[in-house]
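What follows is a single chain, given as structure tokens, in the form predicted on its own.
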Amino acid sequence: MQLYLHVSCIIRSMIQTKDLTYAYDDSEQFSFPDINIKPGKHAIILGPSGIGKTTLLYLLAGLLQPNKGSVSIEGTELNSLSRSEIDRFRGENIGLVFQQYHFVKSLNVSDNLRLRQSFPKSSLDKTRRLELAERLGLSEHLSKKVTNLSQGQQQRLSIALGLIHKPKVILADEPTSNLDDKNCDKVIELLKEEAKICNSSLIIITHDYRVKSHFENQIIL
């Protein structure tokens, strides 16, 4: 059963924010520019460390509640949802690629992907898992424990976990920060290719200015 019934009949924006601000306790308040991204379009959000890029990503994902302002995903205003509704909405509609990897270390690669597919609703699509693993170069590693993967393989698994459920929005936090130029380009093209397959909007948040040339829509913090 759908718990959130806040979508307007005509969707003009996939991601829209207005007057967003956030502060951690008594620290300096972050104020963010308004964002308006159309369905299927992508953007890069650039800025130096400490400017609030990851905070903005958490606000877009509903992991943080803004002190002021609003975030809407495909017409659903996250501020209007309860915590359980936000969790469900995020699980169905948002794919997160974190800078720090989040795996269940006791499980192998395939079981990590199956687990992500099963939340918030069971959609254990084996074909989707196998096809995504093939595109990300993980086919030969599906039975491995994640602790036995190389750093590059763990990064590709992190991307797979953010994409396996075909989210409407993909949010990637510093996906190229530890990569050389060649692999930087590969990861960006991979994310854009998967976003096209999923018909998703992709937002990359980074301080890596090498990524800038890959995106027409650029937001500088």
Partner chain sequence: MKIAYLAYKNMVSKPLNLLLSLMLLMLSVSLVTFVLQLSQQIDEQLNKNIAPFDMVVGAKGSPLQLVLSSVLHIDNPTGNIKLKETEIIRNHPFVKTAIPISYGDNYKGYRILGTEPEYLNYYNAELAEGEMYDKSFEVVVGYNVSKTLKLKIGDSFVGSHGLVASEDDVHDEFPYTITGVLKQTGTVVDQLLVTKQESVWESHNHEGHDHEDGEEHNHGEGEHEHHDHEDGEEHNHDEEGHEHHDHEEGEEHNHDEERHEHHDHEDGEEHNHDEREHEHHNHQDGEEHDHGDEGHEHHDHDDGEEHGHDEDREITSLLVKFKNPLGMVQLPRFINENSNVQAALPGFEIQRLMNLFGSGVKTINGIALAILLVSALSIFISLLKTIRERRKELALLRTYGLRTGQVLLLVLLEGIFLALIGFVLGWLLGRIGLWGVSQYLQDSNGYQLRIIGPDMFELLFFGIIFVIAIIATLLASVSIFKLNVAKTLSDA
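Because the structure is predicted, anything quoted here is derived from the model rather than measured. Positions refer to the first chain, counted from 1.
Although it is not shown, the form predicted together with its partner chain is what the next lines describe.
Comment: 60-68 is the region of 43-51, 184-192, 29-37, 60-68 lying near its partner chain in the predicted bound form, near meaning a non-hydrogen atom within 4.5 Å. Within 4.5 Å of any heavy atom of its partner chain in the predicted bound form lies no heavy atom of residue 170. Taking the partner from elsewhere, residue 135 is found to have every heavy atom lying beyond 4.5 Å of its partner chain in the predicted bound form. Residue contact with its partner chain in the predicted bound form: residue 126 places no heavy atom within 4.5 Å of it. In the predicted bound form, its partner chain lies within 4.5 Å of some heavy atom of residue 100. A heavy atom within 4.5 Å of its partner chain in the predicted bound form is found for one listed residue only; from 139, 80, 143, 106, this is 106. Contacts to its partner chain in the predicted bound form (heavy atom within 4.5 Å) from stretch 85-118: 87, 88, 90, 91, 96, 98, 100, 102, 103, 104, 105, 106, 107, 111, 114, 115, 116, 118.
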